[in-house]
Ligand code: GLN
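There is one chain below, alone, in C-alpha cells, taken in the form predicted alone.
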C-alpha cells in the first residue's frame, strides 16, 4: 500500500483507490487524480491511498474508488472485497463509493465473468449479465434530476448489461450509447454510485466529482476555474450530438 499526502489545512480528505493491480485497465485512476486536485484547490488536505489486492482495505476512507478491469481480475476483486469486509463497513459508516464499469458491476447482487456467474457485494440493488453485443463508444445521458448535475458524458467499453432493482436509482437516461441496457446508465443509492462511463468519468464530468466531494464533506464545494474541463465537455457532447 502506497500513500501520498499533501495537507493544506486542518480539514482532511482520504481517497482510497481500491485494487489498482486488478481494476485499472481503462485509465480510471484519473478519477482519483481529479478528486484530489479539485479538493486541494478548495484548500482541503488530501491523502491518496492505493490499496493492492493483497492488502487490508482501510475502513476510515472518505471516498472509495473502483475502476474497470478484465473478467478474471473483476471476479478476484469481488471475492477479495467480500472476504475483507472493509468496504461494507465503510459504507455503513457513511463513506462514499464511486465505481466504474467492472467495479460498478461487482457492487451489485451478481455479475458474469468468463461465462460464470459470481456473487457481488450487494452494495447496490443491481445485477449484471451478458449482452447480445459489446457496447463500445461514446456514452451520454441526462442525469437524474435529484442529483442536480448536467448531462453525463463518457466512453463505454463493456459486454455486460445491468438491471436495476427497486432500491437503485438510475444515474442517467441514455441519449447516446448503451449504458445499462440502452435506456438507463449507471445507478446510485445513498452515497454509493456506479457508472459505465470511462474518460475518465470525473475529468469529463467535474460536477459529478464535486457531488462526490459534497457527499464526503457535507460542504458545497466553492467555485473554481473550470474553463478547460468545460471545453472538454462541450467538445465531446458536440461530437456525439452532431453525428
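Residue numbers count along the first chain shown, from 1. As the structure is a prediction and not an experimental result, all values here were calculated from the model.
FYI, the form predicted in complex with this ligand isn't displayed, but the following is about it.
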Candidate spot 154, 201 and 229, all three touching this ligand in the predicted bound form (heavy atom, 4.5 Å):
no
Residue contact check: residue 99 to this ligand in the predicted bound form, 4.5 Å heavy atom
no
Answer yes if any heavy atom of residue 71 is within 4.5 Å of a heavy atom of this ligand in the predicted bound form; otherwise answer no.
yes
Give a yes or no for residue 141: in the predicted bound form, does one of its heavy atoms lie within 4.5 Å of a heavy atom belonging to this ligand?
no
With the cut-off set at 4.5 Å between non-hydrogen atoms, does residue 108 touch this ligand in the predicted bound form?
no
Looking at heavy atoms inside 4.5 Å, which stretch does this ligand contact in the predicted bound form, given the options 156-164, 169-177, 119-127, 79-87?
156-164
Heavy atom contacts to this ligand in the predicted bound form at 4.5 Å, residues of 18-33 in sequence order:
26
